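Just one chain follows, in the form predicted alone, and it is written as C-alpha cells.
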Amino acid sequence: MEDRTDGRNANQLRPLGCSRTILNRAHGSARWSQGNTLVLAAVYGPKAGTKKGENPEKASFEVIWKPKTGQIGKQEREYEMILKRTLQSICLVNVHPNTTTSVIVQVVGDDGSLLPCAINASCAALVDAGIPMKHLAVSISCGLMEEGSIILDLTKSEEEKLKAFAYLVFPNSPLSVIDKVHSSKEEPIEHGIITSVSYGAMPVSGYFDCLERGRAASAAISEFLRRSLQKQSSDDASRASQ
C-alpha cells in the first residue's frame, strides 16, 4: 500500500514521548504523547474506603476523563469504563483492600489513538505513584484498510476514513513482581490480550491480523516505556545522591 498522509509506512509508529512526576500535588503523574495526541494522567490515592457498589475486600479505581474542550459525552464515559477495567486488571487489588485510587485523565491534544494514549499515560502514572501492579500494559491502535492491509497508530483522519479499527491493550513482557500465590489464581496472560475495543465491521480474519500486528508493535512500545521509566528512576537516584 502507499505511504500514509503523514509519510509513515503501515507499521510505523508516530514519535513517542513520556515523562513522569510532572504534577506536584498528585501522588503520581505522567505525560504521554504519540505524535500530536497528548494526554496527562494524574493518580491520587489509594485513599481509605470504596464507593457504593465496589467490593470493600479489594482496592477499587475510579477514572475521571477530562476532554480538551467542552463537556464529557457518551464516548468519554465509555473510555472511562474501559480504562477503569483495564487498570483494575493490571493492578494487585488485594494489596490495599477497601481503598479507592483516582486516575484523572486530561486530554491536551487529540490526533487519533486517544484511548490507547490515555491507557499508556495512566500506566506510567500508576508506576510513578507506586501503585502495586502485576505488570505494565501498553496499548496500540490498528486499522483495517479497504484492501485488507493493516496500519498501526492511527491518526484522527485515518480513524474517520477507515471502515474498521481496534484499540488493543497487551501485557508488557512478563517482568512481573507477582508472587506464586497470586499467579495461581490468575490466568497467565503474557501472550494474551488485556483489553480489546473494536469499531466498525471487521471480519474475523482482519481482527486476528490486527492482533498479530498489534502484538508485534506493542513490543516496541513496551521497550520505550521500560527505557523511559528506567531513565527517570536513574535520574531521580542521581539527584537524590547529590
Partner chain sequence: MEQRWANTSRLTINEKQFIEEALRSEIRVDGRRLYDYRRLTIKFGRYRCLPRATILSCKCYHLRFSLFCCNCREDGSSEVQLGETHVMAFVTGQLLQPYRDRPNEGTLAIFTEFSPMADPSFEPGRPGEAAIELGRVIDRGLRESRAVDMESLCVVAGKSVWAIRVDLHIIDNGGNLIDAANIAALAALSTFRRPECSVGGDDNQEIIVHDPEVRDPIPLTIHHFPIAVTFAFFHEGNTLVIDPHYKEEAVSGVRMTVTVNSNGDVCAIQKAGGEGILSGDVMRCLRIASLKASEMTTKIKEAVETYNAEVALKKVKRHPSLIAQKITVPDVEMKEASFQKTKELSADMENSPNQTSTSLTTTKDKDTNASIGRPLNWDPYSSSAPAIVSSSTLPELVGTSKDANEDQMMQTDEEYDPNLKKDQIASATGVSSGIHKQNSPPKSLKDAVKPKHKRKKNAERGAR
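Predicted model only: the values in this text are computed from it and were never measured. Positions refer to the first chain, counted from 1.
Unshown form predicted in complex with its partner chain; subsequent notes refer to it.
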property: K163 within 4.5 Å of its partner chain in the model of the complex, heavy atoms; result: no
property: R85 within 4.5 Å of its partner chain in the model of the complex, heavy atoms; result: no
property: 4.5 Å heavy atom contact, G70 to its partner chain in the model of the complex; result: yes
property: Contact label in the model of the complex: Y44 to its partner chain, heavy atom within 4.5 Å; result: yes
property: Joint contact, H27, I104 and K156 to its partner chain in the model of the complex, by non-hydrogen atom at 4.5 Å; result: yes
property: Stretch in contact in the model of the complex with its partner chain, which is absent here, among 115-123, 164-172, 96-104, 140-148 (heavy atoms within 4.5 Å); result: 96-104
property: In the model of the complex, the one of L40, A59, C210, A217 near its partner chain [non-hydrogen atom within 4.5 angstroms]; result: L40
